[in-house]
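Next up: just one chain, as structure tokens, the form predicted alone.
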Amino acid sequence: MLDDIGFSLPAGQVLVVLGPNGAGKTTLLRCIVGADRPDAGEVLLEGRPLDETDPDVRAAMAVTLDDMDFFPDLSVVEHLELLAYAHGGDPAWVQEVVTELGLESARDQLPATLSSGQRRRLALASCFVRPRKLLVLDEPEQRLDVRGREWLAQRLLTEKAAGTAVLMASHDPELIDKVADARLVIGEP
């Protein structure tokens, strides 16, 4: 149960949601992006109530939750090209992101054939092939190897420098220490 949670997240800042398993971190993120509806309160994006059906809201948010689905009949590159096109991203970003995330050898594979780490990289890549003002990530470090976690920390610092607001839940103290500007602890007495 989430009660009395309030925060603001300025552009170019990273806010990390912390708490034990089952505390409601994912639920909070799902409410913020409009996947779930809070029983009370409101979520504002740039001062307006967040409505995930609003094209301006969809254009502003890039989201990777733990239950992300992929287009099963599209290859890695086709999936990313479709997302880039649908969200007004530059098609050149797809090749850059595929290379950056080390997905070159899997570029023509279907999502079901990818390892869990490659699927996580594809989920993250889905955020980076499109414009965004707000990046919402649910434990983005999960299933990434050491090199992937180092890449993630550097990428989040790059996002901050570009003025992107980042809201994420994480259990990785090293990642949190590298990127967090603020922390929101939930589920503790």
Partner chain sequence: MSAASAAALPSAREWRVWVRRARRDHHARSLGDVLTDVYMLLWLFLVYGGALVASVHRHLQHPSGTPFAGPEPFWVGVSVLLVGSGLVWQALRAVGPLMATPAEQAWGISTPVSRRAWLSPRFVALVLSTSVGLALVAAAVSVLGLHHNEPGWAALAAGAYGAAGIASLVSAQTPGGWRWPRLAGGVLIGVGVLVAGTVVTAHYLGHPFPTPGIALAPALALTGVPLCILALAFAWRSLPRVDMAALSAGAEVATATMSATVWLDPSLLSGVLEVRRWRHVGTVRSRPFHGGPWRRTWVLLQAELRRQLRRPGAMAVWGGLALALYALTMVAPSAVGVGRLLLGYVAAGRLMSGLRTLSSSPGLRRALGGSGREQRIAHLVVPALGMVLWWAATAPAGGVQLDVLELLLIAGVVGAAFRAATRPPMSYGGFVLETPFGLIPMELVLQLARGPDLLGGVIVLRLLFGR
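Numbering follows the first chain given and starts at 1. Quick caveat, the model's predicted, so the values are computed rather than measured.
Here the subject shifts to the form predicted together with its partner chain, a form of this protein not shown in this document.
Proximity to its partner chain in the predicted bound form holds for all of S75, E78 and L83, with the criterion being a heavy atom within 4.5 Å.
Site annotation in the predicted bound form: the residue of D39, E42, D145, E52 reaching within 4.5 Å of its partner chain with a heavy atom is E52. Here is the short version: of I32, L156, L122, L135, the single residue with a heavy atom within 4.5 Å of its partner chain in the predicted bound form is L122. Among residues of the shown chain, R58 is one whose heavy atoms approach its partner chain to within 4.5 Å in the predicted bound form.
Put simply, F70 is close to its partner chain in the predicted bound form: some heavy atom of it is within 4.5 Å. Not displayed here, its partner chain is kept clear of P91 by more than 4.5 Å at the level of heavy atoms in the predicted bound form. Taking its partner chain as it sits in the predicted bound form, the stretch 164 to 180 never comes within 4.5 angstroms of it through any non-hydrogen atom.
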